[in-house]
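In structure tokens, the next block holds one chain alone, the form predicted alone.
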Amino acid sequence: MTIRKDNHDLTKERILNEAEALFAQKGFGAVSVREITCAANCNLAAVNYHFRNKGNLYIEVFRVRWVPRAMRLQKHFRRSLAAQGPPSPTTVAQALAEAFLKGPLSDEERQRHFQLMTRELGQPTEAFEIVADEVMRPFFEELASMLRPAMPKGLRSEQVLLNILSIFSMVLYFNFARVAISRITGREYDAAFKNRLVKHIVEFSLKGLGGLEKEGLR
């Protein structure tokens, strides 16, 4: 009985791994169940048994692959932030940049993470609701609570969130557009260049927030 359960679990993991890779490469609509079963070396019955259909499998990829990776990035951010002392525009921007550029994801995880999210932004599905409700909104609210005290009094909540989104967008671009950035700058994405990018993101973010004088970086 234990062996049978272990085999079922291994098959499920294999299906999830191969499905995630195919969905990331091609998108939900362009991937057939037959492709997934061939890649996972299983039959259609296994997909039906574990997920019932392709739609449920796609949602499960986000629930058990995408969301946990996002939580790992957030955990790295919080740990990095805690090591720098009380939250400030400088420490928040730096911890955020370090989590994505120097954080826990492997190159393969980073690529899949980005590809899946890019497709969801272009053609949102039920998976985007999971990402928005369980990952994005709570994290942006957390960042807002950290940065609001350093922003001008009376600033509307919408502007606070737009400021945070601007920082976050810059971090995402420098993290996921590595090929283009390396080609444009002529720099390899080694440790030294990542450190340079973290510094740039912090300085540029502070200019956008109007906090250079307060942070002593003018």
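A residue's number is simply how far along the shown sequence it sits, counting from 1. On a predicted model such as this, the values are computed, not experimentally measured, just so you know.
There is another form of this protein, the form predicted together with the DNA, and it is not shown here; the text below is about that form.
Picking from 154 to 162, 65 to 73, 51 to 59, 179 to 187 the stretch near the DNA in the predicted bound form, with a 4.5 Å limit on heavy atoms, gives 51 to 59. In the predicted bound form, the DNA sits within 4.5 Å of a heavy atom of Leu44. Contact annotation: Thr11 falls within 4.5 Å of the DNA in the predicted bound form, judged by heavy atom distances. Among residues of the shown chain, Ala150 is not one whose heavy atoms approach the DNA to within 4.5 Å in the predicted bound form.
Taking non-hydrogen atoms only, Ser32 approaches the DNA to within 4.5 angstroms in the predicted bound form.
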